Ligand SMILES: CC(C)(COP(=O)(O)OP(=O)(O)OC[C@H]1O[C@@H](n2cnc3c(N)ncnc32)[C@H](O)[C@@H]1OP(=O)(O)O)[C@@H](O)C(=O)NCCC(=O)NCCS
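First comes one chain, alone, set out as C-alpha coordinates in the form predicted alone.
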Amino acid sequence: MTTDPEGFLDTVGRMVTGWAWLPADPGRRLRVEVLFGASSMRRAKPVETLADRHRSDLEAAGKGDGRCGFAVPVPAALAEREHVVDVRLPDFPDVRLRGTPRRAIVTLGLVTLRAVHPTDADVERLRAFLVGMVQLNDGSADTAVPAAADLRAWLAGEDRCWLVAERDGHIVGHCRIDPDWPARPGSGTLALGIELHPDVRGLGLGRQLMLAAHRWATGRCARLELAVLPHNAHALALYRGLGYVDLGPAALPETGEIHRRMGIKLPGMCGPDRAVTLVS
(Lines give C-alpha, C1' and ligand atoms only; values in the text may rest on other atoms or scores of the structure.)
Protein backbone atom coordinates (compact mmCIF):
# COMPACT_ATOMS: atom_id res chain seq x y z
CA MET A 1 0.00 0.00 0.00
CA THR A 2 1.30 3.44 -0.90
CA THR A 3 2.36 5.72 1.95
CA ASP A 4 1.50 8.85 -0.04
CA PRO A 5 -1.87 10.61 0.19
CA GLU A 6 -4.38 10.55 -2.64
CA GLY A 7 -6.62 13.42 -3.59
CA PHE A 8 -8.15 15.59 -6.26
CA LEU A 9 -9.14 19.22 -6.72
CA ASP A 10 -12.74 18.90 -7.91
CA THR A 11 -14.26 22.36 -8.36
CA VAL A 12 -13.06 25.95 -8.26
CA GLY A 13 -16.33 27.90 -8.53
CA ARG A 14 -17.79 29.89 -5.63
CA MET A 15 -16.36 27.17 -3.43
CA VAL A 16 -13.12 25.26 -3.84
CA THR A 17 -13.87 21.60 -3.25
CA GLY A 18 -11.85 18.42 -3.38
CA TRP A 19 -10.68 15.51 -1.30
CA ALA A 20 -7.55 14.07 0.26
CA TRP A 21 -6.96 10.92 2.26
CA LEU A 22 -4.18 8.60 3.32
CA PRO A 23 -4.81 4.95 2.33
CA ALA A 24 -2.26 3.73 4.89
CA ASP A 25 -4.13 5.57 7.69
CA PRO A 26 -7.71 6.09 6.44
CA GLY A 27 -8.95 7.51 9.75
CA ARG A 28 -6.50 10.41 9.65
CA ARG A 29 -7.94 13.75 8.53
CA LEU A 30 -5.36 15.55 6.43
CA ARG A 31 -4.53 19.23 6.63
CA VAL A 32 -5.11 21.12 3.39
CA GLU A 33 -3.85 24.54 2.28
CA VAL A 34 -5.74 26.33 -0.50
CA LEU A 35 -3.91 29.12 -2.30
CA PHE A 36 -5.60 31.80 -4.39
CA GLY A 37 -3.97 34.18 -6.82
CA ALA A 38 -4.82 36.27 -9.85
CA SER A 39 -1.21 36.10 -11.07
CA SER A 40 1.54 34.59 -8.89
CA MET A 41 0.52 31.65 -6.73
CA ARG A 42 3.75 31.86 -4.73
CA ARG A 43 2.70 35.13 -3.10
CA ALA A 44 -0.84 33.99 -2.31
CA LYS A 45 -1.72 33.53 1.36
CA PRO A 46 -2.94 29.98 1.99
CA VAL A 47 -6.24 29.18 3.68
CA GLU A 48 -5.96 26.07 5.84
CA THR A 49 -8.72 23.55 6.45
CA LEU A 50 -9.20 19.85 7.21
CA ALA A 51 -10.25 17.25 4.66
CA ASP A 52 -12.92 15.83 6.95
CA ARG A 53 -16.24 16.38 5.15
CA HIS A 54 -18.30 13.32 4.38
CA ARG A 55 -19.03 12.67 0.70
CA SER A 56 -21.12 9.69 -0.29
CA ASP A 57 -19.47 9.50 -3.72
CA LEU A 58 -16.04 9.09 -2.11
CA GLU A 59 -17.32 6.43 0.28
CA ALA A 60 -18.87 4.57 -2.67
CA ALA A 61 -15.55 4.83 -4.50
CA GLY A 62 -13.75 3.13 -1.60
CA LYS A 63 -12.06 6.19 -0.09
CA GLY A 64 -12.31 5.05 3.52
CA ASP A 65 -15.47 6.23 5.30
CA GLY A 66 -15.89 9.07 2.81
CA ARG A 67 -14.95 11.72 5.38
CA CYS A 68 -12.09 13.14 3.36
CA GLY A 69 -13.67 16.02 1.43
CA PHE A 70 -12.90 19.69 1.87
CA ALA A 71 -14.59 22.95 0.87
CA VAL A 72 -13.26 26.51 1.13
CA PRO A 73 -15.10 29.67 -0.01
CA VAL A 74 -13.39 31.89 -2.57
CA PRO A 75 -12.23 35.22 -1.08
CA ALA A 76 -14.60 38.07 -1.88
CA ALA A 77 -11.87 39.99 -3.72
CA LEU A 78 -11.56 37.17 -6.26
CA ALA A 79 -15.19 36.08 -6.48
CA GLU A 80 -15.87 37.98 -9.72
CA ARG A 81 -12.44 37.55 -11.34
CA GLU A 82 -10.70 34.69 -13.08
CA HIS A 83 -8.00 33.40 -10.79
CA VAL A 84 -5.73 30.45 -10.17
CA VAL A 85 -6.28 27.95 -7.36
CA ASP A 86 -3.68 25.57 -5.98
CA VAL A 87 -3.85 23.06 -3.14
CA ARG A 88 -1.02 21.79 -0.94
CA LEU A 89 -0.79 19.26 1.86
CA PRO A 90 1.40 20.83 4.60
CA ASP A 91 2.31 17.45 6.11
CA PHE A 92 3.30 16.05 2.69
CA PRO A 93 5.13 18.93 0.92
CA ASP A 94 6.33 16.75 -1.97
CA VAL A 95 2.84 15.50 -2.87
CA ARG A 96 0.61 17.37 -5.32
CA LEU A 97 -3.10 16.73 -5.54
CA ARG A 98 -4.32 15.62 -8.95
CA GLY A 99 -6.05 18.38 -10.84
CA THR A 100 -3.85 21.19 -9.50
CA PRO A 101 -3.36 24.00 -10.24
CA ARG A 102 -6.66 25.11 -11.75
CA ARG A 103 -8.16 28.28 -13.20
CA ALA A 104 -11.44 29.50 -11.75
CA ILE A 105 -13.64 30.74 -14.60
CA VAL A 106 -16.44 33.08 -13.55
CA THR A 107 -18.08 33.50 -16.97
CA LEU A 108 -17.68 30.91 -19.67
CA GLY A 109 -18.13 33.40 -22.50
CA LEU A 110 -18.24 32.35 -26.13
CA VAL A 111 -17.47 28.69 -26.77
CA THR A 112 -17.27 27.18 -30.24
CA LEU A 113 -18.50 23.62 -30.73
CA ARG A 114 -17.25 22.01 -33.92
CA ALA A 115 -16.34 18.71 -35.48
CA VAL A 116 -12.68 17.66 -35.64
CA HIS A 117 -11.35 17.13 -39.17
CA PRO A 118 -8.68 14.56 -40.15
CA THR A 119 -6.07 17.26 -40.85
CA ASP A 120 -2.65 17.32 -39.21
CA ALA A 121 -3.42 20.55 -37.34
CA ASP A 122 -6.77 19.35 -35.95
CA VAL A 123 -5.43 15.94 -34.99
CA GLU A 124 -2.41 17.40 -33.17
CA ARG A 125 -4.58 19.89 -31.25
CA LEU A 126 -6.92 17.10 -30.20
CA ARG A 127 -4.01 14.86 -29.17
CA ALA A 128 -2.47 17.66 -27.11
CA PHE A 129 -5.73 18.12 -25.22
CA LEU A 130 -6.14 14.37 -24.64
CA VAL A 131 -2.55 14.09 -23.39
CA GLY A 132 -3.13 16.98 -20.99
CA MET A 133 -6.29 15.38 -19.61
CA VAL A 134 -4.53 12.04 -19.06
CA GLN A 135 -1.64 13.76 -17.29
CA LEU A 136 -4.07 15.74 -15.15
CA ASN A 137 -5.31 12.41 -13.82
CA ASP A 138 -1.82 10.91 -13.41
CA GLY A 139 -2.34 8.49 -16.29
CA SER A 140 0.05 7.37 -19.00
CA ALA A 141 -0.43 9.24 -22.28
CA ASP A 142 1.68 6.62 -24.08
CA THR A 143 -1.01 3.99 -23.56
CA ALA A 144 -4.17 6.09 -23.18
CA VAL A 145 -3.91 8.47 -26.15
CA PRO A 146 -4.11 7.15 -29.73
CA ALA A 147 -1.33 7.94 -32.19
CA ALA A 148 -1.97 10.66 -34.77
CA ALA A 149 -2.31 8.11 -37.59
CA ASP A 150 -4.90 6.15 -35.61
CA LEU A 151 -6.89 9.30 -34.91
CA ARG A 152 -6.90 10.25 -38.60
CA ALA A 153 -8.10 6.77 -39.53
CA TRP A 154 -10.83 6.97 -36.88
CA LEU A 155 -12.01 10.38 -38.11
CA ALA A 156 -12.34 9.06 -41.67
CA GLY A 157 -15.22 6.78 -40.68
CA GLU A 158 -18.76 7.72 -41.73
CA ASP A 159 -20.44 6.39 -38.58
CA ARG A 160 -18.55 8.55 -36.11
CA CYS A 161 -17.89 12.14 -35.12
CA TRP A 162 -15.54 13.84 -32.68
CA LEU A 163 -16.74 17.22 -31.40
CA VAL A 164 -14.60 19.69 -29.49
CA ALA A 165 -15.47 22.76 -27.43
CA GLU A 166 -13.03 25.68 -27.84
CA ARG A 167 -12.69 28.70 -25.56
CA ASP A 168 -10.21 31.48 -26.32
CA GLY A 169 -8.59 29.27 -28.95
CA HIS A 170 -8.06 26.33 -26.58
CA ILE A 171 -9.90 23.01 -26.48
CA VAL A 172 -11.70 22.68 -23.15
CA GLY A 173 -13.85 19.62 -23.82
CA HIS A 174 -14.70 16.91 -26.31
CA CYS A 175 -17.47 14.48 -27.15
CA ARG A 176 -17.02 11.34 -29.24
CA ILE A 177 -19.78 9.41 -31.02
CA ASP A 178 -19.01 6.00 -32.56
CA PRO A 179 -20.19 2.35 -32.70
CA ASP A 180 -17.89 1.32 -29.82
CA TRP A 181 -18.73 0.01 -26.33
CA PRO A 182 -21.27 0.10 -24.71
CA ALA A 183 -23.21 0.13 -28.01
CA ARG A 184 -24.00 -3.37 -29.21
CA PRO A 185 -23.30 -4.37 -32.82
CA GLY A 186 -26.40 -4.46 -35.03
CA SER A 187 -28.56 -2.64 -32.49
CA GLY A 188 -28.85 0.62 -34.43
CA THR A 189 -27.08 2.30 -31.52
CA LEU A 190 -24.05 4.56 -31.28
CA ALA A 191 -21.98 5.21 -28.15
CA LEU A 192 -21.25 8.63 -26.70
CA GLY A 193 -18.30 9.61 -24.54
CA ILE A 194 -17.79 13.09 -23.13
CA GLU A 195 -15.00 14.77 -21.15
CA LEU A 196 -14.55 18.37 -20.00
CA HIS A 197 -11.49 20.04 -18.59
CA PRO A 198 -12.11 20.53 -14.86
CA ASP A 199 -11.84 24.33 -15.26
CA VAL A 200 -15.10 24.46 -17.24
CA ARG A 201 -17.19 21.91 -15.38
CA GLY A 202 -20.36 23.11 -13.71
CA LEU A 203 -20.95 25.94 -16.21
CA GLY A 204 -23.45 24.19 -18.48
CA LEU A 205 -20.98 23.29 -21.24
CA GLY A 206 -21.43 19.54 -20.85
CA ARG A 207 -25.14 19.82 -21.60
CA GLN A 208 -24.53 21.97 -24.69
CA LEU A 209 -21.87 19.60 -25.99
CA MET A 210 -24.16 16.60 -25.56
CA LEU A 211 -27.05 18.36 -27.27
CA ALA A 212 -24.75 19.07 -30.22
CA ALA A 213 -23.87 15.36 -30.28
CA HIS A 214 -27.59 14.48 -30.24
CA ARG A 215 -28.17 16.73 -33.25
CA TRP A 216 -25.34 15.07 -35.16
CA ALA A 217 -26.58 11.57 -34.29
CA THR A 218 -30.24 12.24 -35.13
CA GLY A 219 -30.91 10.52 -38.43
CA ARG A 220 -27.83 8.33 -38.10
CA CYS A 221 -28.91 6.01 -35.29
CA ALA A 222 -32.02 5.13 -33.30
CA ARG A 223 -30.41 5.51 -29.89
CA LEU A 224 -27.32 6.81 -28.13
CA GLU A 225 -25.77 4.96 -25.20
CA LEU A 226 -23.07 5.84 -22.71
CA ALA A 227 -21.41 4.34 -19.64
CA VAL A 228 -20.83 6.13 -16.34
CA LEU A 229 -19.33 5.11 -13.02
CA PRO A 230 -22.13 4.51 -10.48
CA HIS A 231 -20.71 7.01 -7.96
CA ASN A 232 -20.37 9.90 -10.46
CA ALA A 233 -23.35 11.83 -9.14
CA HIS A 234 -22.76 14.97 -11.24
CA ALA A 235 -22.62 13.04 -14.51
CA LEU A 236 -25.66 10.94 -13.59
CA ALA A 237 -27.67 14.09 -12.88
CA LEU A 238 -26.66 15.58 -16.25
CA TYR A 239 -27.55 12.45 -18.21
CA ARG A 240 -30.88 11.93 -16.47
CA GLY A 241 -31.74 15.59 -16.97
CA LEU A 242 -31.24 15.10 -20.71
CA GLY A 243 -33.57 12.11 -20.76
CA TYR A 244 -31.17 9.16 -20.51
CA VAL A 245 -32.56 6.06 -18.80
CA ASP A 246 -30.70 3.37 -16.89
CA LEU A 247 -30.14 0.20 -18.91
CA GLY A 248 -28.35 -1.78 -16.19
CA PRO A 249 -24.73 -2.56 -15.31
CA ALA A 250 -21.99 -2.99 -17.90
CA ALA A 251 -18.38 -4.10 -17.37
CA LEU A 252 -15.63 -2.09 -19.02
CA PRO A 253 -13.99 -4.59 -21.42
CA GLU A 254 -10.40 -3.61 -20.59
CA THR A 255 -10.65 -3.79 -16.79
CA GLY A 256 -13.99 -5.33 -15.86
CA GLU A 257 -14.88 -2.20 -13.84
CA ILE A 258 -18.65 -1.95 -13.45
CA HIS A 259 -20.37 1.07 -15.01
CA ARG A 260 -24.01 2.07 -15.39
CA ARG A 261 -25.16 1.78 -19.01
CA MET A 262 -27.59 4.53 -20.02
CA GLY A 263 -29.41 5.31 -23.25
CA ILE A 264 -31.67 7.80 -24.96
CA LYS A 265 -33.94 7.33 -27.98
CA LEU A 266 -33.45 9.83 -30.78
CA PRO A 267 -36.06 11.38 -33.10
CA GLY A 268 -36.69 9.83 -36.51
CA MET A 269 -34.67 10.38 -39.64
CA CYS A 270 -34.16 14.05 -40.43
CA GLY A 271 -31.37 14.04 -42.97
CA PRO A 272 -27.60 14.19 -42.56
CA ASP A 273 -27.00 17.61 -41.02
CA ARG A 274 -23.45 17.86 -39.70
CA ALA A 275 -23.72 21.48 -38.58
CA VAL A 276 -22.54 22.20 -35.04
CA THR A 277 -23.65 25.24 -33.09
CA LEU A 278 -22.00 28.06 -31.21
CA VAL A 279 -22.94 28.51 -27.57
CA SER A 280 -22.18 31.15 -25.00
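We number the residues from 1 along the sequence you see. Remember, it's a predicted structure, so these values are computed and weren't measured experimentally.
Missing here is the form predicted together with the named molecule; even so, the following discussion is about that form.
Three-residue candidate spot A121, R125 and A147; no residue lies within 4.5 angstroms of the named molecule in the model of the complex by any non-hydrogen atom.
The named molecule in the model of the complex is approached by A233, whose closest heavy atom lies within 4.5 angstroms of it. Interface residue remark: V134 is not counted as part of the site for the named molecule in the model of the complex, having no heavy atom within 4.5 Å. In the model of the complex, the named molecule sits within 4.5 Å of a heavy atom belonging to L205. Interface membership of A237, defined by any non-hydrogen atom within 4.5 Å of the named molecule in the model of the complex, is confirmed. Though the named molecule is absent from this view, in the model of the complex it lies within 4.5 Å of a heavy atom of just one residue from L163, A183, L151, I194, which is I194.
Between the options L78, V72, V116, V200, the residue in contact with the named molecule in the model of the complex by a heavy atom within 4.5 angstroms is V200. From the list 247 to 255, 47 to 55, 222 to 230, 24 to 32, the contact stretch for the named molecule in the model of the complex under a 4.5 Å heavy atom rule is 222 to 230.
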